[in-house]
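Below sits a lone chain in structure tokens, taken as the form predicted on its own.
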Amino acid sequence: MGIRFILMVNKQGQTRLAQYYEYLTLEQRRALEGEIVRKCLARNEQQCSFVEHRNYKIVYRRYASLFFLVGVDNDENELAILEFIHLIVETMDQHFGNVCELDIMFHLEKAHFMLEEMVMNGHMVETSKSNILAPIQLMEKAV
């Protein structure tokens, strides 16, 4: 399948955005997020950005006050996922202008829409920032 979930978490461990591409109950999601966030936030900057947890490989990266965590299959390329995380941040930067936690909180639907343009059913389908942002800009013009 590829990508199983994408999480955006602040430094205190509060989930700001969660997008899942496989079915998990609310209790399973809450437990999984708690375990992963504790594991990733406890690591220091000298440690690598890849963690194995259960049957997932977690690739994460910190940008300012936000951690971007992507859960993938064990056979997925970690460096490609790091590039994907960077693409998410660049796309959000281009739209919001230096994206921060508040942008995600106050424009959650736009953040989800960007992810939906990039990932479909756990597979990356779009990597062009202009193609990702075009529908959002059209929606903003209509309002």
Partner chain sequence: MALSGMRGLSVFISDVRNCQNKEQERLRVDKELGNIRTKFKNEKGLSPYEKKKYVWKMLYIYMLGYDVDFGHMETVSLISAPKYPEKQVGYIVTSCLLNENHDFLRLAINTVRNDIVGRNETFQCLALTMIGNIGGREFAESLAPDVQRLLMSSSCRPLVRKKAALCLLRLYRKNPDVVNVDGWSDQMAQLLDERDLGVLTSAMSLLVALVSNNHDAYWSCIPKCTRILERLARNQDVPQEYTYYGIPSPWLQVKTMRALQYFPAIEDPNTRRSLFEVLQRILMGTDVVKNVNKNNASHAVLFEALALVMHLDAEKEMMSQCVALLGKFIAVREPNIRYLGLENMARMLMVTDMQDIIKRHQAQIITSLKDPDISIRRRALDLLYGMCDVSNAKDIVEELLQYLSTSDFAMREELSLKVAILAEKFAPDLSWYVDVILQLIDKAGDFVSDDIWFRVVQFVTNNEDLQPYAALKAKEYLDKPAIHETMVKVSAYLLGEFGHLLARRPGCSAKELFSLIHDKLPTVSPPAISILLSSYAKILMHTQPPDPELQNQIWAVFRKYESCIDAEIQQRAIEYLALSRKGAALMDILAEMPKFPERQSSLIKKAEDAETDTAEKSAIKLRAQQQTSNALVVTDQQPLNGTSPVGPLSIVKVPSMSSDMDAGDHGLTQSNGSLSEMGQHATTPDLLGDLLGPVAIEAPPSASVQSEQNFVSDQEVSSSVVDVLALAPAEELTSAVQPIGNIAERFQNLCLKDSGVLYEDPYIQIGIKAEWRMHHGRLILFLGNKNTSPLVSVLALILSPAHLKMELSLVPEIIPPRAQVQCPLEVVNIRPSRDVAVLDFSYKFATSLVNVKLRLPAVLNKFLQPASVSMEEFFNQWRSLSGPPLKLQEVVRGVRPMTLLEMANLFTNYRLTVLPGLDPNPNNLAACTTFCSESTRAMLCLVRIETDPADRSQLRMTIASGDPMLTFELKEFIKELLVAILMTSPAPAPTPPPATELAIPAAASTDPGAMLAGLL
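Small disclaimer: the values here were computed from a predicted structure and weren't measured. Positions refer to the first chain, counted from 1.
The form predicted together with its partner chain is left out here; the points below concern that form.
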4.5 Å heavy atom contact, Leu41 to its partner chain in the model of the complex: no
Contact of Glu35 with its partner chain in the model of the complex (heavy atom, 4.5 Å): no
Phe84 within 4.5 Å of its partner chain in the model of the complex, heavy atoms: yes
Any non-hydrogen atom of His95 within 4.5 angstroms of its partner chain in the model of the complex: no
Heavy atom contacts to its partner chain in the model of the complex at 4.5 Å, residues of 76-101 in sequence order: Glu76, Asn77, Glu78, Leu79, Ala80, Leu82, Glu83, Phe84, His86, Leu87, Glu90
